[in-house]
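Taking the form predicted alone, here's one chain by itself in structure tokens.
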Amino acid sequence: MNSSRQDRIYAHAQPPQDFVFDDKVADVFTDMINRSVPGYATIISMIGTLADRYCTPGSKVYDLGCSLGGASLAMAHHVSHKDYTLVAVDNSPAMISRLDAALATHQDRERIQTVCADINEIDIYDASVVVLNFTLQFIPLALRSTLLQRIHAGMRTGGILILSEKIRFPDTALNELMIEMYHQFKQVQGYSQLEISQKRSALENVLIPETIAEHKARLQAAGFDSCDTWFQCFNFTSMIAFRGANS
């Protein structure tokens, strides 16, 4: 969608500080996410395919925590009809400004709304598709249930929520294995041990992963009829949840 420099943010030793989605991250985000999340390109592509199946005429589609709009643009590309509005929301001005620039000449610009705001504070209504693509993991644990309840309440019957997350495993040995395999994946992508270690420390208090069982329980408590995993690689997964007629 747009050019991105190589991610070298953690290539040199630096004082510990929490990870933030600022200008320096936005500048390298495309490279960072593709080299940091196994299967990311597949997830983005399939989000577009799922949106085409479930986006109903006259509805809204939400990309919550849209960053540079990868999922938004995949959905805009794949949805075959044009009777919908896509709302892309992120609380990072750096991300939204770059997405606006990328959309300036996009053929679907008139139906894509960008919003720089906290996703916990926006109105969600008449939605057929809602995407939380590696977003919920950055929301404080105490706010996650309320957010999912608001999403469910704002969805049309038959709508879907796509939830992609970094996860942890309840079994300690399995969890450590998946972390080790993930770190090996990052090394293959060209990240050094220093980069891996420093980024992990930066994310420690910012990205709080949960188990698949915890995600399923929260989705069901929020009112979704059914939910399950459709993609997983190591400790990264994507789930789909349905809002049925009786929920």
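We number the residues from 1 along the sequence you see. Keep in mind it's a predicted model, so treat the numbers as computed, not measured.
Form predicted in complex with a small molecule: not shown, discussed below.
In summary, among the residues Ile112, Ile139, Val79, Ile124, the only one with a non-hydrogen atom within 4.5 Å of the small molecule in the model of the complex is Ile139. With the partner omitted here, the residue from Ile119, Ala88, Leu161, Leu99 that has a non-hydrogen atom within 4.5 angstroms of the small molecule in the model of the complex is Ile119. Each of Ile33, Ser67 and Thr135 places at least one heavy atom within 4.5 Å of the small molecule in the model of the complex.
Contact check for Tyr54: no non-hydrogen atom falls within 4.5 Å of the small molecule in the model of the complex.
Taking the partner from the other structure, the small molecule in the model of the complex has a heavy atom within 4.5 Å of a heavy atom of Ile44. Shown alone here, Ser128 lies farther than 4.5 Å from the small molecule in the model of the complex, counting heavy atoms only. A residue is said to contact a partner when one of its heavy atoms sits within 4.5 Å of a partner heavy atom; Met95 meets this definition for the small molecule in the model of the complex. Note on the interface: of 54-62, 25-33, 187-195, 208-216, the segment with non-hydrogen atoms within 4.5 angstroms of the small molecule in the model of the complex is 25-33.
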